[in-house]
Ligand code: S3P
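A lone chain, given as structure tokens: the form predicted on its own.
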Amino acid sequence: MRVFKGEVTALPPDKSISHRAALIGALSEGITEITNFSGGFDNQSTLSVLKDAGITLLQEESDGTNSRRIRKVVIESRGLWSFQPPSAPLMCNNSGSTMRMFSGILAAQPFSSELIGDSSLMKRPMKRVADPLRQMGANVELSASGTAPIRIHGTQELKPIEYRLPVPSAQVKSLVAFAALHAEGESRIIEPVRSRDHTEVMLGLETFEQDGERIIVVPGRKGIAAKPFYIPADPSAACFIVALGLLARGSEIIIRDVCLNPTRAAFLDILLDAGAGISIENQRVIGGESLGDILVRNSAGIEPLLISDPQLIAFIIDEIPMLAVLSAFATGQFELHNAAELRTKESDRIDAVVVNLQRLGFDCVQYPDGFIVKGRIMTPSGAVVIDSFDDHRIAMSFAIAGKATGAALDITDIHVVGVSFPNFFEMIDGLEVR
């Protein structure tokens, strides 16, 4: 039986906040210092495209045990129009956050640019990027299938917009906000279903509720003064360690300094409601973001998870693969509806989870917007090949199940975990009681 105990202090810094801190720093006037920046591949893509678009920045590597952890990023900028025409297409690699959010900034620049990515990112839908930017006056071109490359012919004459998000998307909300910062006049972004709110918190934007919808007010052409940012630990990464502790009987793990923003940590509420042995300690607020320590104790087990509330799904969209695998292995059951957005991620995550659970002997039924795990009808003998679909969250979800239960899994392209969690295996191995 495998048991995992210990204290986690080197969880990857939050990806979402790291992306936004770098982009906001590039839009600010003065010098922005970002402490504890993420060293994951996706966040490095954001820094790379900023440099290629003329932004001056420096990285200070950590002197700790995790060489992929960035102690500090320093960005020097002159404000909203500090960017320069790139000499080549801007490579976003696998980072949809980089491609989508930076599009909003490039739409307001007085030059043409092009955003490209790896084979996975070049298949992801980008019409949701182009539509609001076109409404604001930018010329945005996509492939015939509505995907990257994104070719943007920017303009300094962007018009303000009132834009209702057709689907919950923090990335689209952010790109509209970044574009609207450059517009002549006030813009409003309307969220029928609330998504993660880091952009509006970090920019200090006014928000209010009206007729059951959330309104974000973005003033145009108002200078942004540079300020420091501290990046807390990534709750989406913490989810994997929480699942490890809940699956491996006798385990006890404490995870330090995790972002507990309500739009990001809802997976903890789901697990608590299911009877999981989790508690929150040392909760506090730094830079407008709540953070604290998560204590995980393996208990008698959890109840099967059923997730269908659209608002809740918007808050846990990145954690669903791990929650599904956790519930399947812990209870034999799981049920998900109203989550069609999962099909547009780095992989079709609905199909990816179902295919791999079926290989492990689970009885699954797949729907356009979700799936059901009915139980385990057989346990394979020998190693099972798990397809990561080149998706870091799929790879890590099944790696956790294998580590916690001792199941023999051969996961393809396992290196993809470096997209968001470079020290993933090092951390898990360090927690195992031998």
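Sequential numbering from 1, following the sequence displayed. What you are looking at is a predicted structure, and each value in this text was computed from that prediction instead of being measured.
Although not depicted, the form predicted in complex with ligand S3P is the subject of the following passage.
Contact annotation for residue 169: at least one heavy atom lies within 4.5 Å of ligand S3P in the predicted complex.
For the chain shown alone, residue 317 is a contact residue for ligand S3P in the predicted complex, at least one non-hydrogen atom being within 4.5 angstroms. In the predicted complex, none of the heavy atoms of residue 113 sits within 4.5 Å of a heavy atom of ligand S3P.
Although the partner is absent from this view, residue 182 stays clear of ligand S3P in the predicted complex, with no non-hydrogen atom inside 4.5 angstroms. With the partner removed from view, the residue among 97, 347, 77, 327 that has a non-hydrogen atom within 4.5 Å of ligand S3P in the predicted complex turns out to be 97. Stretch-level contact analysis of 97-105, 134-142, 157-165, 329-337 against ligand S3P in the predicted complex, using heavy atoms and a 4.5 Å limit, identifies 97-105. Along 127-141, a single residue, 128, places a heavy atom within 4.5 Å of ligand S3P in the predicted complex.
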